[in-house]
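Single chain ahead, by itself, as structure tokens, in the form predicted alone.
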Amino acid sequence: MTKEQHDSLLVAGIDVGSASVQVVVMRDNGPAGAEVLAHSSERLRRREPADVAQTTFNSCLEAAGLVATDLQYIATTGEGECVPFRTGHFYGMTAHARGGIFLAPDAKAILDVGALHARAVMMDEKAKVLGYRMTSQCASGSGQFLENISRYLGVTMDEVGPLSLEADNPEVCSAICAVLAETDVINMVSREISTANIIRGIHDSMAGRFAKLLRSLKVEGMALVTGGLSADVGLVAALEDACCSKKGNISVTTHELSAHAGAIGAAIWGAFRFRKLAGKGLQLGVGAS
């Protein structure tokens, strides 16, 4: 490999979650920075994660105009150890922290809201994880819970965020557990509470719990929302309100690629590992474990 090729690496990141797979292909130029060449996402829908990862990876490569042998490193994160063609695997919090810094260089923390849980991760400017907090498994603060509620209310997940912003009198919803929260929603429907006010009440409940995670880490500054619910504008707005309602200095933001933060971080760490091993005279081929 020439010096020019070593300075500019083509890498991929694959984030296998409990509900979907995100893939990115990136050009990493070392100290000069990195760029996303293509990104792709696919829901699992009860299919084998390894199979979905393969098809999503293939479509992302095609979008980038590349083939697998063009890549120097294929990094996975999340449940990505099931991907047989990976070069290496990275821990989820580490990957999301690095992806968060890439998308929002001033971020002091990321709030990763996935299908089954949410976690707040505080990091420094080099993406070193300084601390984290997670919601409990039974809590009503997950993407799967919100999807179940939207299905009961007869709206799509794409409609949830905009509807929440239309609320004029949000209805308080249980923040204790998913079962109690779903019971609350059934009662709200029977009392003819509007869908918008029900959804905003749920968003407020979730946001209150997420804000507590960030405050418990003593985050000061910007927090980037990542994960599957990062595109939910209603949830982000509720989180902004929750962070402003109590003492502290936390601002909330999101990014159009926030759902791919884990995959981005994995790809960047993959490039870092490739260079480190190459510096020691070692070679890692794509597909090695």
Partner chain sequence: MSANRILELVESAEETYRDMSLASVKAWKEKTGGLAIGFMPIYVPRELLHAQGVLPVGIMGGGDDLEIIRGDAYYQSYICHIPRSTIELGLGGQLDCLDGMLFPAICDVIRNLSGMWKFEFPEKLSRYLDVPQDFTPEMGGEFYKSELLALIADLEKRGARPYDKEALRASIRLFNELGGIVRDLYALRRASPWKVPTAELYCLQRAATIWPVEEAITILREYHELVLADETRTPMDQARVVLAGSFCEQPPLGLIKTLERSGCYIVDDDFIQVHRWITRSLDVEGDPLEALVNGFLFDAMASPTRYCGDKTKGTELVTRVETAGAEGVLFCAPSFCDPALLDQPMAVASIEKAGIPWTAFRYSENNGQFQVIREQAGTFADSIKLWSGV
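Just so it is clear, the model here is predicted, and its values are computed rather than measured. Numbering follows the first chain given and starts at 1.
Not pictured, yet referred to below: the form predicted together with the partner chain.
Trainee: Heavy atoms within 4.5 Å of the partner chain in the model of the complex: which stretch in 78-86, 145-153, 103-111, 207-215 meets that?
Mentor: That would be stretch 78-86.
Trainee: Does the 4.5 Å heavy atom contact test between Ala196 and the partner chain in the model of the complex come out positive?
Mentor: Heavy-atom contact with the partner chain at 4.5 Å: absent for Ala196.
Trainee: Under a 4.5 Å heavy atom criterion, is Ala127 part of the interface with the partner chain in the model of the complex?
Mentor: Answer yes; at least one heavy atom of Ala127 falls within 4.5 Å of the partner chain in the model of the complex.
Trainee: Can you work out whether Met93 and the partner chain are in contact in the model of the complex, taking contact to mean some heavy atom pair no more than 4.5 Å apart?
Mentor: Flag for Met93 set to yes.
Trainee: Determine the residues of 182-206 with a heavy atom within 4.5 Å of the partner chain in the model of the complex and present them in sequence order; the list may be empty.
Mentor: Nothing in this stretch is in contact.
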